[in-house]
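Okay, so we've got the same protein chain twice, two forms, each given alone as structure tokens, structure 1 and structure 2.
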Structure 1
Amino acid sequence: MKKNTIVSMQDIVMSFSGNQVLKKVNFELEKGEVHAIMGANGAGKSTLIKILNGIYHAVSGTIIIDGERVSINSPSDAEKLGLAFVHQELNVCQDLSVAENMYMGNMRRTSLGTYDKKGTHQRAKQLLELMGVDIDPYVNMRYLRTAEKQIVEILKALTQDAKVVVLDEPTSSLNEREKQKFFEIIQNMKDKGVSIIFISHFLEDIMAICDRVTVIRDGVNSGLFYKGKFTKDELVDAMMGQKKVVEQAKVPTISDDAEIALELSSLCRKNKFKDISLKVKKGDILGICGLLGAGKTELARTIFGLDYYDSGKIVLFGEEIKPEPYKMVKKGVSLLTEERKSEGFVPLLSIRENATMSILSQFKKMFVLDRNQQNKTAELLANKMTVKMSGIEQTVGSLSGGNQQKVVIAKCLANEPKLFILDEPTRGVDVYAKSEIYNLLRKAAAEGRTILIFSSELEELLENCSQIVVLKKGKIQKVVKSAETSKNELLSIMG
């Protein structure tokens, strides 16, 4: 172990219900470096970090912090050792303000020792401005979108006097502008000697910000890479264990006389979006993007009927409709929500139960559930989505974040939707699994299904969509053809 090593995890072994998920994994973090941990979904990345945070307790292995062997039995032990964590699944207090979440346990005090609300919120406002994000520090967390909550969680870690900050998929809901600002803050932290563990599936982010990369595959170390001395393909090979050919996406081509599947006319919702008019043809894949606050998620939820709209009209398959979720499901519409944890699945139910939740009526015979048929369908869906699992009876809450996302997509696809609305569909999903999801979506489009992708990943939209609608401050700024547009041009339009 080097002199400037601040964290050393040696021969870490971890098992769940007899299933060994970490097999003598080693990891070292030096002072003032950004060290990435990469791996496919279910490789053991988050498990390793939860051991460092005291959420899980390793079967065996050694943890050394600042040269001293330590026992971390709880998150409070980790905090005392100078470790701050931002987990992939966000943990926020919904009924406290943004500022109170950011400074929880570290709020400003008056000279009398009481809570200084004004001072705490002023400090929060300064940090939010530094990030370049327009979020009111006084607003309650429950009124924020997932991306905004993620930013608050990141800033919360920055408010702690931490020697090590651990970031699990920190950029998964950030757009390009927010990422660049975030990277500037990371660089400032590095300059001050703070060490950062960066867990991500975004290869571009890893190559831009990280000094070293440790790859874990199936619970074992699979490679250690140094900045400037590796390629994207080498990282993917180390993660997957063999060369995986990622198919080049083919943008769908739709004829001019194709049937209109969905039409929005002058759709308005106060303070969210205004005068949204667009037509989506049957078999098309249409992308929608925009900066934080552009109205992207709000529009997706409104089309499905989860949120209201003030004026305008929605025409679905030639019929004007006032959307309500149960109506939309009956008419062949599925929504993949951005809020995976709170709205996408039931954590304590099994993969079998979650994946087949939307089609239970198919398995009923004389009011009795045909478990054999349900099992076969669940197995088929899980295998189609390459869910890494011990079996279909494993609870979805015990899966990695990326595998949870695969189960949610499987549940949506089970209903064989005619219109599939996806909000941030590949959040937390590894690079190869992304390509498999894209293939499934393109195949569905080729079969005549219509797909709307609401995403902050511009490459995702450019590779898979025929056209991209750019939203800005709740209005359509421009509609562009993917084949004729670059990422930089999209950024320019969004900004």
Structure 2
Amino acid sequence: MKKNTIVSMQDIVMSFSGNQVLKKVNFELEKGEVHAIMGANGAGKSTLIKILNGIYHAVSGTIIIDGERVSINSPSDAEKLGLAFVHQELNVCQDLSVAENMYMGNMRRTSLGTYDKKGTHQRAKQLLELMGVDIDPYVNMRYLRTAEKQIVEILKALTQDAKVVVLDEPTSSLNEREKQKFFEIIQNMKDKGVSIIFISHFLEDIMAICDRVTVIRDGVNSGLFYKGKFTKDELVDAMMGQKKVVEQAKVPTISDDAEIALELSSLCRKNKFKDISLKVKKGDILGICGLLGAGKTELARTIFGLDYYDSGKIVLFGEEIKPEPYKMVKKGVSLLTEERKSEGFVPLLSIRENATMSILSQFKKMFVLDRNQQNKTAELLANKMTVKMSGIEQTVGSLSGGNQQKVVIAKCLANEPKLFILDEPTRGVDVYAKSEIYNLLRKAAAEGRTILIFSSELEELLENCSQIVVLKKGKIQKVVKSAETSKNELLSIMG
């Protein structure tokens, strides 16, 4: 073992109920290094990290930290060893302030031993300013959007004086500008000698920030790459092996006289969005982008009836409508929400029940459900989405994050939506699954379905949408044709 190695995981084997998910995986992290772990959904990345965190216990293998062989039996062991974890699914106290969340567990005390609210918030403010983050430390977490919460979580790791920080999909909810900021934060941490394990599906981000990349495929190491000495394709090959997606479906071209599927006229909601007027043609794929706080998610939820609006009009398939989720589902509208864990699926129920959740009454025969029909439909949906599963009776809670997302999309497709609204559709999904999802959306559009993608991933929008609506501070800033614009141009309109 080299002298400046801080974490070394050797020959790690792990299995769940007889199913081997890690077969002798090795991983080494050097001091002050940013090291990425990559792999397709279900390759074993999360499992490896959970072993390091003490959530799972490896069947065999050694973990060496700072030259000493350790056994990590619980997350608190990991914390004592100087490892900090920022999880993809955020765990925050919604009704505590930003500062209190950052300093949770080591808040400042006054000389009397009571909680020093002012001191804690001041320290938080300093750190926020140092990192150039514009968030008020006194605001409760509840009022932040996902991306802001993510930033707070990362800063929380910094408050714990961790030697090693593990970031699981840290950039997935960040937009371009925040990403730049985030990379600066990472650079700052690196300069202070903090080592970083970076788990992500975003090839560009990894190529931009990581010193080394360890690739895992199907539970074994399938490559170690050094910064600047590999191409995107090599990385994808290592991750995917033979199964690559051939792009088939084309981005739609819509004639000017096509029917209008959805029309919004001067839709307003106080402090969220203002005067949104929009026409979406049948069979079109329309993208909507904007910085954090531009009103993307709020608009998506309002169209579906999950949130209210103050004034304006929504016309769906030529008919004015006051949206309510059940009404929208009946009319053939599906929404993929931004928050997968809290709004997407029922973890205890099977893939079958989750995928067919919105169309249960279709299986009603007399009074009871027709199980055969339900099985067939669920099987079909799961296969369409290539969910990696032991069978449709597997509970969705036991799937990996990316596969959960696939089940949630399958659920949205179940009612054969005529209008499909997606909010951050590919977050936490691997490259292969991503292109599968894009293909699926294009095919759906070719069948005459209308698709609305709300996303902060500009490449995704440029690649799939005919037009992109740019939101800024709750207003439509500009509508551009994808073919006539570029990422940089979009960025400048957004900012």
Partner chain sequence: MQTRLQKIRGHLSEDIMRFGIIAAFLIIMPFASEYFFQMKNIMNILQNISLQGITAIGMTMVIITGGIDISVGGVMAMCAWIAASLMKSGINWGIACLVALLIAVLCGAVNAFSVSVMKIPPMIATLAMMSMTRGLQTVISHGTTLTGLPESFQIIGQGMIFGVIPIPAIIVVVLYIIASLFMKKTVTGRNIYIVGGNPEAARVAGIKNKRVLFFSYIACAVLATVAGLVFVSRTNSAPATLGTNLEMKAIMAAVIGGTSVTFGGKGKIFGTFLGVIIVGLISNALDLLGVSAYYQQFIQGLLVLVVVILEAIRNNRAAKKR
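Along the sequence of structure 1, residues get numbers from 1 upward. Here, rigid core means the biggest group of C-alpha atoms that superpose within 1.5 Å across both forms. Please read these numbers as outputs of a predicted model, since none were measured by experiment.
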>> Between the two structures, is it 1 or 2 that corresponds to the form predicted on its own?
In response: 1
> Does the C-alpha of residue 220 move 2 Å or more between the two structures once the rigid core is lined up?
Replying inline: no
> Hey, does residue 408 budge by 2 Å or more at the Cα between the two structures once the core is superposed?
Replying inline: no
> Is the C-alpha displacement of residue 73 equal to or greater than 2 Å between the two structures once the rigid core has been superposed?
Replying inline: no
